[in-house]
Every structure is written in structure tokens, then in C-alpha cells.
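First, one chain by itself: the form predicted on its own, in C-alpha cells.
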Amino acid sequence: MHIMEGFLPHPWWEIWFAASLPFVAYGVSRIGRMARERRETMPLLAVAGAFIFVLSSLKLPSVTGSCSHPTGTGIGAILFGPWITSVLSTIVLLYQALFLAHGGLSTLGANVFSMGIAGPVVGYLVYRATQRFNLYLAVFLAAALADLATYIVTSLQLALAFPAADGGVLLSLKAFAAVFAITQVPLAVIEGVVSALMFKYILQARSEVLLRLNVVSKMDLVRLQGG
């Protein structure tokens, strides 16, 4: 999904930088407040960042100028919300661009918007809308749909920058999304399962932190623990 260095023409790479900057700036302020008021959550924040880094570094061949991989942002959005997840994703994407030749600096704003903002926003909303029915199913859906949303937005970014001569942006969007879909749909399902298993582990190991973050309710915990 990472759009490589120099692939987006002017003015698109600047537009995506401008669109991403307010989200990341607000996310930084949220992390600062959390560090002051809930320091016990910082180790879990580091785990969420590492999860994003590991999953988004697993590249598979995809469309020219990009690649396909899990994103890992769904679990971060569930635990800390989309604002803070945008900061974690920015750090990961910057490191990957500088040291792994994965993505690029000029395309950082576009990659942050698709993977660090659009995907987490979808994942957060899906989790909040479905958690009352089944917690693990909610995590699965949130992570899988956050992954797919990232690739839909990446396809849109590419389509806007490179509209088809006949058919324009819509035809180009259809072409980019179709190529991504071949690898991304099964990857999204796998990411949903892995995220649900990770969430189960966190719930068993640090349920008190999830309560403080308002990720689960006491009623959820009692029900899951069979109390």
C-alpha cells in the first residue's frame, strides 16, 4: 500500500500532507495528555506501535508503484482511538521510508492519510458500533475493515493523481482497487483473526488497562470471564 517515493505528482503529495497534518498534530497532544494522566498505558501504546510496524513491513507484490500488506492499525484504533493511532502510523511510516525503502518521504502524507487516519477511523467506528454484540467479532471486523479501508483510500489517491484518459477517476479507481483486492481481501481476514487473538491476550493480561481506556466495560469483563 505504501506509495513509493516520487510516485505522486504535484499538487497531490502536498494536498495529502496538508490533510494529514491536523490529525497527527492533535494525536501528539492526546499522547502527551495520556502520558501525564495514564502512564500505566504507555507500555501498551508501545506494543500497539510495534504491532503496526511488524504487520505493515510484510510486503507482498501488488500494483506498480505500491505493495500489499496487513496494516495493524485496527488494534491501535480500538485501544487508543484514531488520533493517537495516526501518530503511531506516522512514526512507523517515517522509519520505513528512511531505513527500509518502503514508501517515501514526499508520499508520507498520502501514506499517513490512508494507513494512519482513514483505516483507523473506520476501525474505531466499526468497533464502537458492534462491541455490544460480541467483543471478539467486533475486533475482527474493525481490524479487517480498517485494512480494507486503507487500500480503498490508497486506490482513490492513485486514481485522483492518475485518472484514466477515457473514464476518468472512477475508471482508474476501479482498476487500482481491483488489483489490490486480489491480495488484500484474504490479508484483511487474516489481520482480523490475528488482531482478535492479540486482543484476547491483552484482555487476559491487562484487563484493568482496557477498563481505564474505556475499551471494555465492567459488564463485558464479567461476561467474558464467566462471572
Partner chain sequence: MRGELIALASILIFFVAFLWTSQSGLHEWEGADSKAEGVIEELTGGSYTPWLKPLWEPPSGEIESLFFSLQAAIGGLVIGYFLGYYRRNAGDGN
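It should be emphasised that the depicted structure is a prediction, and the values quoted were computed from it without experimental measurement. Numbering follows the first chain given and starts at 1.
Keep in mind that the form predicted in complex with the partner chain is missing from the display, and what follows is about it.
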| Any chance 112, 211 and 224 all have a heavy atom within 4.5 Å of the partner chain in the predicted complex? | no
| request: Given that the partner is absent here, state which listed stretch (124-132, 142-150, 104-112, 82-90) has heavy atoms within 4.5 Å of the partner chain in the predicted complex. | output: 104-112
| Proximity of residue 13 to the partner chain in the predicted complex, heavy atoms at 4.5 Å | yes
| Contact label in the predicted complex: residue 34 to the partner chain, heavy atom within 4.5 Å | no
| query | At the 4.5 Å heavy atom threshold, is residue 59 in contact with the partner chain in the predicted complex? | reply | yes
| query | Might residue 170 be said to contact the partner chain in the predicted complex, defining contact as any heavy atom within 4.5 Å? | reply | no
| query | Of 198-219, which residues get within 4.5 Å of the partner chain in the predicted complex if you count heavy atoms? | reply | 198, 200, 201, 202, 204, 205, 206, 209
